[in-house]
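Here's a solo chain for you in C-alpha cells, the form predicted on its own.
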Amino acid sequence: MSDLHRETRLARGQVPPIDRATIQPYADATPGPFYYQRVAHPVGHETERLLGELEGGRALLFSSGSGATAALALALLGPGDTVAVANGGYWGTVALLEGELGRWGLQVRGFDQTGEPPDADLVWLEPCANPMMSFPDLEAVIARAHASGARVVVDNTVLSPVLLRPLEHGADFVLHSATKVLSGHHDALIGAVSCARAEDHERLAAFRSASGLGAAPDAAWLMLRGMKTLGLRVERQSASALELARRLAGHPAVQRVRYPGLDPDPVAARYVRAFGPLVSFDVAGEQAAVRVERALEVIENATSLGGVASTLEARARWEPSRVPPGLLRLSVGLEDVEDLWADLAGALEVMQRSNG
C-alpha cells in the first residue's frame, strides 16, 4: 500500500481489537514483543506504525502530550542543560520544563521563533504557536540550531502531518498532543513523538518503558480510529477557520485576529498550504472575553482544541502573564461555518451591549 495516497492508507488501515492484557506468556521461554504492556502492546504498535509512516520517521506513543514532553526532556537532557522554547506557544510546555523540571536543574530560555534561536542543548519550536500563532522559518532555525550543536523538537499538534511534516525540514523530533487533532474526538488522552533517527527512537522507547509513561491500549485504539478521518477533518477545519478569521477581522468588536492564513504569512506559506483549526482573536479586555464565553450557544466554552466540536476560551484564565487579557482562542470543529459565525457574531453583540 506504500504507493497509495495518504487518505487511502488512512481509511484502509486496520484497527485491531483492543487487547487490554498486561502480560503475554512467553513462547519457548522467550519474551515476545508484547510480553508486558508497559513496554509495548499490539494496538499501540499499529498506531505507531501508521503515525511513523505519516511523519516519515519512527513514532512512539505516550500517556499524554505532557508525558511526551517530559520524556523528551528527561531522556535527552541532564541537570544544567538548556532548552530554548518558542515564545507564545503552549503554556503547559513552559510550565512543565521551567516549573517542574527547573527544580531538577533544567534551564529554560524563551525566544522569538521568527528570529535566531539562542544557544541551547535543545530547541523547541511550535508552528502556528498555540495561542499566539507565530510561525518560524523552520529550515533556517533548524539549521542554525544544528550548527550550534542543538537538537530540535517541533510541536506539530496544531497542524498535524496532514499539513506539515517537520522531519522533512530537518527536525530531530516531532511532538504531538495526540489528544487533539490526531485523535480528533475529545475522547482520548494520549501523546506521541516521532524520531528522525533510530538511536533516538531506541533511547526514548527505553525511557518510556522504565518510566511507565506509555499510552494505554484504549487511548491508542481511539487515536487510531480517529486518524481514519484525519485528512478530511483537517481540510474542513482549516477552510472553516480561514473563513471565520476573515469575518472576525471585519467585526468592529474584534481588535486583532491571529491566523497565519489571513493575509498569508509568506514564511508560513512556504511550508503549508492551509493553517489548521486554531484562530486567536482579541476583544477589549478580560471581562469582555468572559462575556463572549458566556454568550455562546453552539461553540463549547472549554479548553483543548482540534476536536470535531468547536471550542473557545479566554486564555488569560490560564496564562495571564503571557497573553493579552482579551485574547480568545477558538478551535474550529466540523459544524457548519454559518452556524459557527452566527454564534460568534451573537456573542460579540452581547459583549458589545454589556460594555455599553
Ligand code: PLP
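In this text, all values refer to a predicted model and were calculated from it rather than measured experimentally. From 1 onward, residues are counted along the sequence shown.
Separately, the form predicted together with the named molecule exists; it is not shown, and the next lines address it.
- The named molecule is not shown here, and in the model of the complex it never comes within 4.5 Å of any heavy atom of D172.
- Not displayed here, the named molecule is kept clear of S160 by more than 4.5 Å at the level of heavy atoms in the model of the complex.
- Residue contact check for L189: one or more of its heavy atoms lie within 4.5 Å of the named molecule in the model of the complex.
- Taking the partner from elsewhere, T311 is found to have every heavy atom lying beyond 4.5 Å of the named molecule in the model of the complex.
- Only one listed stretch (200-208, 282-290, 175-183, 111-119) carries heavy atoms within 4.5 Å of the named molecule in the model of the complex, and that stretch is 175-183.
- A heavy atom within 4.5 Å of the named molecule in the model of the complex is found for one listed residue only; from Y90, W221, F135, F275, this is Y90.
- L305 is the sole member of I299, V43, L305, L327 with a non-hydrogen atom within 4.5 Å of the named molecule in the model of the complex.
- Although the partner is absent from the chain shown here, S64, N130 and D155 each have a heavy atom within 4.5 Å of the named molecule in the model of the complex.
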